[in-house]
Ligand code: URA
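What follows is one chain in structure tokens, specifically the form predicted alone.
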Amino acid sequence: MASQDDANELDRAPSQGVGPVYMSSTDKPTATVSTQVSHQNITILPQTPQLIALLTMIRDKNTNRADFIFHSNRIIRLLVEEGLNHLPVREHIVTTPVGKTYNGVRFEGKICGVSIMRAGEAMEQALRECCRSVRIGKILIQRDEETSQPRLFYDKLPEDIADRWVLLLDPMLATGGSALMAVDVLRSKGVPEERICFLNLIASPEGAANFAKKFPKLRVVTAFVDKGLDEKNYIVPGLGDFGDRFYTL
């Protein structure tokens, strides 16, 4: 049973009726939706019934590992597709099988994914499903137990990464310490800030603000901005430790 504090927290969370457009507002169930942020470089996925249902599944502490993976993968696929929308295209005219021309576009440039280990590796498969033969690099950043600050332990990136558009992958954005350091690593390799798109499932307002302030030209695509951080800097209401739930529990 929810405590009074939990109830108060839910009262403060943004909510709206969720359901098909043809349903009246009185017939739609009320659900908690993403907190809106004013930062121009932060894109939040549309709060559709499908997305809210998927997020409900992965937030539930009783969801088993197989269901957690399945529903997480569906959200990650939505994030990757939206992230690709932020990459530049140029005009491309083709001829259809019936001999007619079609004025279309195609992506201009090369891309790669970079996952922040280990949780970010869970997002690699969706990227591969959308972009065949995509190059993927890895960055390992962990908190230093003495200083409590993020510390770079390992990176393995494509040699020509400076010439690529980079999709940075990490499912959770709390304070943003690790992800901000990962961006610094990419920039040190010659990747322009405006060529980086950071994809994550759930962000905190604090983490989103940190990104917007430090890297205003970088794009962030998230499925949901939660209410905030607790005293331990955990995202609330959150979904727990994504890596543990995806790989071990």
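Heads up: residue numbers just count along the shown sequence, starting at 1. Being a predicted model, the structure only gives us computed values, none of them experimental.
If you look for the form predicted together with uracil, you will not find it shown, but the lines that follow are about it.
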- Message: Considering non-hydrogen atoms and a 4.5 Å limit, which listed residue (Leu84, Leu78, Cys112, Ala174) is close to uracil in the predicted complex?
- Response: Ala174
- Message: I need to confirm a contact call. Of Arg135, His92, Arg143, Arg74, which residue comes within 4.5 Å of uracil in the predicted complex, counting heavy atoms only?
- Response: Arg143
- Message: Under a 4.5 Å heavy atom criterion, is Gly240 part of the interface with uracil in the predicted complex?
- Response: yes
- Message: Please determine whether Ser15 contacts uracil in the predicted complex, using a 4.5 Å cut-off between heavy atoms.
- Response: no
- Enumerate the residues of 207-241 that have a non-hydrogen atom within 4.5 Å of uracil in the predicted complex, in sequence order, or give none. Asn233, Tyr234, Ile235, Gly240, Asp241
